[in-house]
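Okay, so here's just one chain, in structure tokens, the form predicted on its own.
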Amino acid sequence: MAREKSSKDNAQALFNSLRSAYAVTPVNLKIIDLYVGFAVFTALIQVVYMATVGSFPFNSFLSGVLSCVGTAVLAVCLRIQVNKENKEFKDLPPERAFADFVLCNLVLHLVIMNFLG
């Protein structure tokens, strides 16, 4: 009984620690986090839709899911590059990181549109 309470207290302390650490995160990183969450949520909705309705145009399903996952991965890369605490990209201006993000998204979606047929 005491062990369960201890693990519950540890989990609660961990959650409070993460919440307080995320509270000092800059707003631009929080916006990128929301964008990543939205892309992953959209991919999950497409997977649930395919599981319930069917996957007749399977290449359309793959294009949609890969587009969402690819966009989420590119957004995570943008978040890593824009983060001021990351020492590897300290010389990279945020405008350049955003331009890379836009260009890579353009290439990704051109490939996705080509895959649709």
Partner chain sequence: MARILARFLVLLLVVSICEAAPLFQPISDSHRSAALELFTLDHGSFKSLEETYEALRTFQILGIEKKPDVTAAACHSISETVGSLSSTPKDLFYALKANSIAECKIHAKASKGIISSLNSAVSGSSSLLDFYYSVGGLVLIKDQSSKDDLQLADAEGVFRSVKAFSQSDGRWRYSSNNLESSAFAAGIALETLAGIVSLASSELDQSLISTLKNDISKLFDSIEKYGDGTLYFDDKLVDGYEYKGPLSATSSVLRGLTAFAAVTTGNIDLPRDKMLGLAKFFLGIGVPDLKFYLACRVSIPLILSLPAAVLSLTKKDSLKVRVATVLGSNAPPLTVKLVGVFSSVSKDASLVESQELKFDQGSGLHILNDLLEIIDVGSYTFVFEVVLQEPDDEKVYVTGSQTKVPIFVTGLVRIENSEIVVLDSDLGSVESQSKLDLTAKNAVSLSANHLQKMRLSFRLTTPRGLAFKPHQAFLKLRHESKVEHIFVVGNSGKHFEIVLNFLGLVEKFFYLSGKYDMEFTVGDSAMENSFLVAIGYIELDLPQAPEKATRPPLQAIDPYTRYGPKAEITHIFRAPEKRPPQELSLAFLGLTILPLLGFFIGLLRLGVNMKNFPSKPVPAAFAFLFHVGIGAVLLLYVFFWLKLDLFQTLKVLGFLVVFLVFIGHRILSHLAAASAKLKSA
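Positions refer to the first chain, counted from 1. Keep in mind the model is a prediction, meaning the values are calculated, not measured.
The same protein has a further form, the form predicted in complex with the partner chain, not shown here; the description that follows concerns it.
A.B. asks: Contact between A11 and the partner chain in the predicted complex at 4.5 Å, heavy atoms?
C.D. replies: A11 lies outside the contact set for the partner chain.
A.B. asks: Using heavy atoms and a 4.5 Å limit, would one call L18 a contact residue for the partner chain in the predicted complex?
C.D. replies: Looking in the predicted complex, residue contacts with the partner chain do not include L18, since no heavy atom lies within 4.5 Å.
A.B. asks: Q81 near the partner chain in the predicted complex, any heavy atom under 4.5 Å?
C.D. replies: Heavy-atom contact with the partner chain at 4.5 Å: absent for Q81.
A.B. asks: Quick one: is N114 in contact with the partner chain in the predicted complex, heavy atoms, 4.5 Å cut-off?
C.D. replies: Although the partner chain is absent here, N114 would touch it in the predicted complex, with heavy atoms inside 4.5 Å.
A.B. asks: Quick one: which residues from 32 to 51 get a non-hydrogen atom within 4.5 Å of the partner chain in the predicted complex?
C.D. replies: L34, Y35, F38, F41, T42, I45, V48, Y49, in sequence order.
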